[in-house]
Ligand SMILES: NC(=O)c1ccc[n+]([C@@H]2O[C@H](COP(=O)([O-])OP(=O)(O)OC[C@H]3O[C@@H](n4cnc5c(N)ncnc54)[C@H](O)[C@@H]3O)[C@@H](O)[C@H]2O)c1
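Below you will find one chain, with nothing else, as structure tokens; this is the form predicted alone, and questions on how it binds or moves follow later.
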């Protein structure tokens, strides 16, 4: 393709001007609500299941000497391409830094032009919480009213905020963290954000006796035992996102109805990766993806007695479709200002 031909390539419909945008976390927070993120993530699951997404596997750059890793997450969806470069350093809490830090680059797929570079840390937090909310929408019992939270970090807060948008009738919230200060801080902060009774508990058994259980820890050993979970519970297993990580006892996973966000990624690095490597479950024991359930191809919860597990590993398509929403809003607001200035 010569320069004359390439200069005539029609731009996409994103309304970009000639300048690449640099979008800060503050702007992202201003432009993307949790409700919008939930809708965007549900759409991303749906489009993925319909094979309307191009999403290569995550690429891991492990750095054991720094006790962390980097991940490259590219995707194309809904006329936008992009990549998230994200780091996970569990020791950052002691440094006063987020455990997860990310940057997203958006490109025009027709030309390769960089449209925006934006903070991806808040989008990661928001879309992960939104994914948990979508899972609750499709997999939890409709009468669920007691929520148990294991781990009291940033993601645990966003999971609760997101889920409360799906089931605003939550009556009781119980939270456990290995650090008493963390769970007390969680309760203090979240009291002002949810209208439910919320309290810290002193054991995993107490928090696990809930209708919905959310696990958001970096554990490499099972912390939720089969005996802790009552029939009819739905579990959002969020913490396992790399090989060897596991929050749920393998026998619990074996007896439950397991749904994943992406089959290949979950088998490699999700909650199911350890029981698969142990031979306790097989890939065919996984019911399917949440997108297949949304599209009606696979049945989610079959009755009020079975235990359901959503294995959330985090998908690049979630990041890119949320980032597109931020970008379009910002472009729209800029165009509106230009039009108003002309009047």
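Residue numbers count along the first chain shown, from 1. Please read all numbers here as calculations on a predicted model, not as lab measurements.
Keep in mind that the form predicted in complex with this ligand is not shown, yet the notes after this line are about it.
Only one of 166-174, 151-159, 107-115, 137-145 gets a heavy atom within 4.5 Å of this ligand in the model of the complex; which is it?
-> Going through the listed ranges, the match is 151-159.
Indicate whether the candidate residues 100, 179 and 223 are all in contact with this ligand in the model of the complex, with contact defined as any heavy atom within 4.5 Å.
-> Judged in the model of the complex, 100, 179 and 223 all sit within 4.5 Å of this ligand.
Wondering, does residue 44 line up within 4.5 Å of this ligand in the model of the complex on heavy atoms?
-> Judged by the heavy-atom cut-off of 4.5 Å, residue 44 is well away from this ligand in the model of the complex.
Heavy atom to heavy atom, is residue 314 within 4.5 Å of this ligand in the model of the complex?
-> It does: once this ligand is placed as it appears in the model of the complex, residue 314 has a heavy atom within 4.5 Å of it.
So, in the model of the complex, is residue 93 in contact with this ligand at a 4.5 angstroms heavy atom limit?
-> Flag for residue 93 set to yes.
Would residue 239 count as a contact of this ligand in the model of the complex, using a 4.5 angstroms cut-off between non-hydrogen atoms?
-> Although this ligand is absent here, residue 239 would touch it in the model of the complex, with heavy atoms inside 4.5 Å.
Position in contact with this ligand when the complex is considered in the model of the complex, options 256, 273, 217, 196, heavy atoms within 4.5 Å | Contact residue from the list: 217.
This ligand isn't shown here, but in the model of the complex which of 88, 77, 83, 252 has a heavy atom within 4.5 Å of it?
-> Filtering the options by heavy-atom distance leaves 88.
Within 107-133, which residues have a heavy atom closer than or equal to 4.5 Å from this ligand in the model of the complex?
-> Stretch hits, in order: 124, 127, 128.
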